[in-house]
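Only one chain is included here, represented as structure tokens and corresponding to the form predicted alone.
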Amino acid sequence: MKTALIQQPFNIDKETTRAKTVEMVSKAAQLGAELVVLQELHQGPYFCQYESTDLFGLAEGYEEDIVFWSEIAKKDSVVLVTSLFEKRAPGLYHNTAVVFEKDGSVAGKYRKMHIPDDPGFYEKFYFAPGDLGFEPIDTSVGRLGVLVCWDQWYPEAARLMALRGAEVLIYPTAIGWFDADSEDEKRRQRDAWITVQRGHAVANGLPLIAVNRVGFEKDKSGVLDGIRFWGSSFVCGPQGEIIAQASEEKEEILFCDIDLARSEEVRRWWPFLRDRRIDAYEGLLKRFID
């Protein structure tokens, strides 16, 4: 499965950014990509750096966005993974990944389940937790276990996708560091981000795709300076091996050939699913065991 990861910065406004994305998707398709994955909330800025009720207006175009990206998937004949700000009902919003089939139809969607609330990442103000569960999305290129950003820190999410037959784990992402952090702290954060996801690939015997944005985005509230997104989009195989990785700063299309059949081979060597003690995991349903 020839895959393309679109890593880019926010550029001026939605229209300008989206035009560049469309250009990159078309180029990826022309070079043979069957699956194209976009980063988290790729149409605009990462607006969750501060809380403002005015910013809910960014979701008003959700239905139009569905039509727009459907047409792009159909035009380029690719399976397209998008990440959109969904207005579900008045006052109810989700951070939603929508997957389009090559004919432009909606193959499925996933609403982000784990919602962070940290300085510069005030997502609980904007997004209700997802309610669609951890269900893979069937497409012509395979069964996609699509999750979103903060979900990538939780082994339970990856495991449930794997147990339901996902053939690849996919994480559209918006993560970065603050310039004021020490260089050592920046490296620890980025390395932890890569390491935990490689661990999900290993533990489940699945390839994994993580697509992050790049560039500096100012905190318009003035409380913080802003976030410098660290890029580093990557693909790893079912043993956690890095197959392809993008830069920390550049806008780019990262291409990768993913062998979905390799998971069967790896799972025969490392039968982690066979050896799970499902009779002894009831504690996982508790917040904490006193």
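The first residue of the shown sequence is 1; numbering continues from there. Every value quoted in this text rests on a predicted model; they were computed, and no experiment measured them.
Another form, the form predicted together with another copy of the chain, is not on view; read the next lines as being about it.
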item	value
Contact stretch among 99 to 107, 213 to 221, 164 to 172, 72 to 80 - heavy atom within 4.5 Å of another copy of the chain in the predicted bound form	164 to 172
4.5 Å heavy atom contact with another copy of the chain in the predicted bound form for all of 130, 156 and 202	yes
In the predicted bound form, the one of 115, 206, 84, 144 near another copy of the chain [non-hydrogen atom within 4.5 angstroms]	115
Residue 140: touches another copy of the chain in the predicted bound form, heavy atom cutoff 4.5 angstroms	no
is_contact(residue 179, another copy of the chain) in the predicted bound form, heavy atom dist at most 4.5 Å	no
Residue 15, heavy atom within 4.5 angstroms of another copy of the chain in the predicted bound form	no
Any non-hydrogen atom of residue 23 within 4.5 angstroms of another copy of the chain in the predicted bound form	no
Contacts with another copy of the chain in the predicted bound form - residues in 254 to 280 whose heavy atoms fall within 4.5 Å	262, 269, 270, 271, 272, 273, 274, 275, 276, 277, 278, 280
